[in-house]
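Read the single chain below, which is given as structure tokens and is the form predicted on its own.
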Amino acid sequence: MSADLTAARPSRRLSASPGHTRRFPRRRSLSRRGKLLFALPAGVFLLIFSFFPLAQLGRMSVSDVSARTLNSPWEFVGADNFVGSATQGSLVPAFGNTVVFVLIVTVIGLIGGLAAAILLSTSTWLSAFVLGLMVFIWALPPVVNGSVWKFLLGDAGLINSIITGIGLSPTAVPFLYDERFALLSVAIVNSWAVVPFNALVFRAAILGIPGETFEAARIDGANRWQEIWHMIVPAVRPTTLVLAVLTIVYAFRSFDFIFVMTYGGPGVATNTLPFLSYLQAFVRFDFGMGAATAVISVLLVLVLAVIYARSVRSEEAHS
């Protein structure tokens, strides 16, 4: 009986018939015009707030622009502003100070950031507290950081009080008023401000290393220094390249700390290219010469930007 009922039931086809195939909607890819339409707002924003000011800066650098002629038609002078900035004797020392400043900030920022990331790679309450403190330091405006450190490095500040108190020096060290210490002091303070960002990025790269790798190394008898040198350092090498370029660009365009702590002094000891451009344009009111110095800075930063883009593309190709 059950067999007859089974035979009498209409059989269900597992697959639909060719005439009743189920059609799923195809995902339509954006056309070239649609992609350009989505990128249009960003393009307009960059055109207004980036390319137009840069074009005006380039035009000003080859024109005679001063407080007298700022609102008048600008007279074309060619390379006179570049030559004048070089012959005045300020450009070459500013370029040298910029190179030294960038080297100090980059080296201390990368080494300090990696060391802090290794120390804070554990998941403890102390690491979380220190990371939060570092984020707070990194998020502080440079003007606030510079003002605090100007007080700390003053003759009656905390640093000099400790130095004279323990007998390292009978008198206060002129950190910000001596040509031998001023550039180094400002560069170290700038490095202190950039270390938290580098440490956070390095820590993320270190946490991306599989834990089984460290366990296998410990089983093989590797100590902590061998883990750092042979495992962590090679693993964070692509991150180091990207951070190096970002730190160089950050140090190269640094202006706030110099403005607050030394104002380019004593003399021209801490006068870098961005600060020299500011002095020429807004203190001496020679806007053409200040623009010429700024164009030199922009060209150098543009080279670093190209290196950064190529490094990111190379890293993406190998990942």
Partner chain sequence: MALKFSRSRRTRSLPLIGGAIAVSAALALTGCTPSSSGGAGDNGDSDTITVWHYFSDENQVKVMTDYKDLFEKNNDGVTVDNVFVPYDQLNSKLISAVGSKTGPDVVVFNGADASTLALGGALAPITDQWDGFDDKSEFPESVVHSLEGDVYAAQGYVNLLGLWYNKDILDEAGVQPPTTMDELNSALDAVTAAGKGGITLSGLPQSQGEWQAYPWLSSFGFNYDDPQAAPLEEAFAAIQDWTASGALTRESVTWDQTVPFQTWAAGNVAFAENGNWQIGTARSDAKFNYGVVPLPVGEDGQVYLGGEGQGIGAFSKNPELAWKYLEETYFSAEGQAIALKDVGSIPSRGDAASAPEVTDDPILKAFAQSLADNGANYPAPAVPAEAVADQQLAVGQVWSAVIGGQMTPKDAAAKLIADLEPLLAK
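Residue numbers count along the first chain shown, from 1. By rigid core we mean the largest C-alpha set that fits within 1.5 Å across both forms. Quick caveat: nothing in here was measured; it's all calculated off a predicted structure.
Same protein, other form: the form predicted in complex with its partner chain, not shown, and the subject of what follows.
In the predicted bound form, Asn71 approaches its partner chain with a heavy atom inside 4.5 Å.
At least one heavy atom of Tyr177 is located within 4.5 Å of its partner chain in the predicted bound form. Its partner chain is not shown here, and in the predicted bound form it never comes within 4.5 Å of any heavy atom of Val62. At a distance threshold of 4.5 angstroms between non-hydrogen atoms, Gly154 is in contact with its partner chain in the predicted bound form.
Contacts with its partner chain in the predicted bound form, taken as any heavy atom within 4.5 Å, map within 53 to 67 to Ala55, Ala67.
With the core held fixed, Tyr263 shows a CA shift below 2 Å between this form and the one not shown.
Core-aligned CA deviation for Tyr177 between this form and the one not shown: less than 2 Å. Once the rigid core is used as the reference frame, the Cα position of Pro141 differs between this form and the one not shown by less than 2 Å.
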